[in-house]
Every structure is written in C-alpha cells, then in structure tokens.
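Heads up, the chain below is alone and in the form predicted alone; it's given as structure tokens.
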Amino acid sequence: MIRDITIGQYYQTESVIHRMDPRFKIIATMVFIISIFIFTNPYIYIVASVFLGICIALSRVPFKFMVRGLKSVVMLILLTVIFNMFFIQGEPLFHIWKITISKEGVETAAYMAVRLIILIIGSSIMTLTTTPNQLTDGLESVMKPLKLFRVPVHEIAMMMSIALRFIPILMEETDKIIKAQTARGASFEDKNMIKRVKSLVPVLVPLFVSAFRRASDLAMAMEARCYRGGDGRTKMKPLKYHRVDFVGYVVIIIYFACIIFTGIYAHYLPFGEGL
C-alpha cells in the first residue's frame, strides 16, 4: 500500500507533456479541476475522461502506474460515497433498518466518486511529468501577481515543492520501518481496530524522528549554500514558452469551451439533467 502512493513522484520518460512549460501544466490542471465541478451530468464526465485519456497517452506514463495511486485513497472515496448515499434526502429507493437510501443520494455518490477519481489522476499527470525544480519555478511564476499584496510567493512555492518531494521519501521510510518492526515480531494485520491503531505507535515515533532529522539536514544544507529567499535570485534555466505550450493553451481553451457547451445544452440529451 505504501508503495502505491504516486503523488509527488516524477516519472522519467520522453513525451510532449514532459517538455511542456510547468506554468502551462499548472494552469491546465487548475482549469481541468474547475471543469469537473462547474456542472453535474454524465456527459461532462465523459468529455473530461476522454480528454484525460488523451493526456495520459501523450504523457507516456503507464496507465497502470497512475491507477496504482488510487489504492491509497480508496478509503476516502468509499467514505465519500457512503456519506452521500446515506445522508442525502430525496426519492427513496430502498430502506435498510433505520437508513433510507435515496435516488438523489446514489446519483450524488456516483458523481462524487467519478469526480475524485478523475481529479486524482488528472493532478497526478502534472506531478508525474514535472520535476520538483520545474514545479517550484512554475508555481512561483503563476503566483507572481500576489507579490503586489506582499505575499511571500517564492517561499510558498518552495514549501509546496519540498512537501511534494518529501511525500515519496517519507512513504519509503514508512515502508522500511514497517518491515523492520515486522521482523521484530510486530503485527499490523490484526482485525481488532484498537490493537491495529496501537501497533502504529512504533511506526509513527521513528517516522517523526526521521522527518525532523531530514528537515534539519535540509535546513542546514540550504543555510550552508547561503539561501536567503527569492529576492534578487537568478535562475540557471529561466522558463520560456515554446510553440507546443501555445498549442496546449489553444487545446485547453477548446476543451473548456466544450465543457461549457456540454453543460449548457446537456438537458437536450438523455440523462442530461444532472442533479
């Protein structure tokens, strides 16, 4: 399960999306996330899924690798589905003890599950095809207008990039600790939930110690290199837009227009009313 987490990882390969400017990938990801939430009907998700499938094919990242990342959030998706099914009132479908499951609850649960799956895979494309350094530079450039309000843009971008970079490192560290504790006789497969939670204590303590040690080493390394924030800093590889990025902007505009058009006129199609 630990190794199934793909968030924050970079998949090295040669593809069109890997060569694109990180600023475009960040903006495109934001537009994609907005597009799956502004309307609620099945045709929107069909258009978004087709677009996402094309992006996955262009990225040359194996689809199995992306789907593997969903295993770590299966519980979150299940909880979202359960809460939507059981707590949304509407036309009753069937009754279980004191719980009534409504038609609207089932529809909302299905839509939310699809949204979460598309959202996670769509966001993974950005992190899998963008190095941490590129992601930092892209975030800093995209958030540059916030400097007018004295927002520490460079520091925020740096923290976000470090956080993403530390996710796979901490996951690998957790996997090593679990294997070490298992070799010492610890059990993490107990069916009793209380015992299962207690068994995590020998994992969490060394994990926190390791995390603080890594953070201290990183801070000392940045201090030794005279890091003083983003003011006056130059870049060895400044970001530059290329033709493929402008083509990408045209494609994302066309995609968003298709979403708007589908959302507005979906009620003329079967099952297009949504909720």
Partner chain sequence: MQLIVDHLSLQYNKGLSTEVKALDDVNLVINEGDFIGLLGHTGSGKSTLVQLLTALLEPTSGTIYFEGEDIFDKSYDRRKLRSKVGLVFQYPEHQLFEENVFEDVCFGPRNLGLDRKSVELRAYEALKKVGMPDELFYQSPFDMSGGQKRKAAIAGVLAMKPEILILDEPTAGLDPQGRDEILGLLRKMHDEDGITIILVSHSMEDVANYVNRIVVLDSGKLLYDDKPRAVFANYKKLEEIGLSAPKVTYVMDALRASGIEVPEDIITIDEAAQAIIKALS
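Keep in mind that this is a model prediction, so the values were computed, not measured. Take the two forms, find the largest set of C-alpha atoms that superpose within 1.5 Å, and that set is the rigid core. Positions refer to the first chain, counted from 1.
The following text describes the form predicted together with the partner chain, which does not appear among the structures shown.
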The stretch from 142-150, 110-118, 174-182, 87-95 that lies within 4.5 Å of the partner chain in the predicted complex, judged by heavy atoms, is 174-182
Next on the checklist: Can you tell me if residue 209 lies within 4.5 angstroms of the partner chain in the predicted complex, counting non-hydrogen atoms only?
Outcome noted: yes
| said: Contact with the partner chain in the predicted complex for residue 242, defined as at least one heavy atom pair within 4.5 Å: yes or no? | reply: no
Look up in the predicted complex whether residue 100 has a non-hydrogen atom within 4.5 angstroms of the partner chain, and give yes or no. no
- Closest heavy atom of residue 11 to the partner chain in the predicted complex, within 4.5 Å or not? yes
#### Entry: Contact test, all of 16, 19 and 43, partner the partner chain in the predicted complex, heavy atom 4.5 Å
no
Partner-free chain; cross-checking the partner chain in the predicted complex, the single residue of 82, 205, 76, 197 with a heavy atom within 4.5 Å is 205
Residue 176 C-alpha moves between this form and the one not shown by 2 Å or more, core aligned: yes
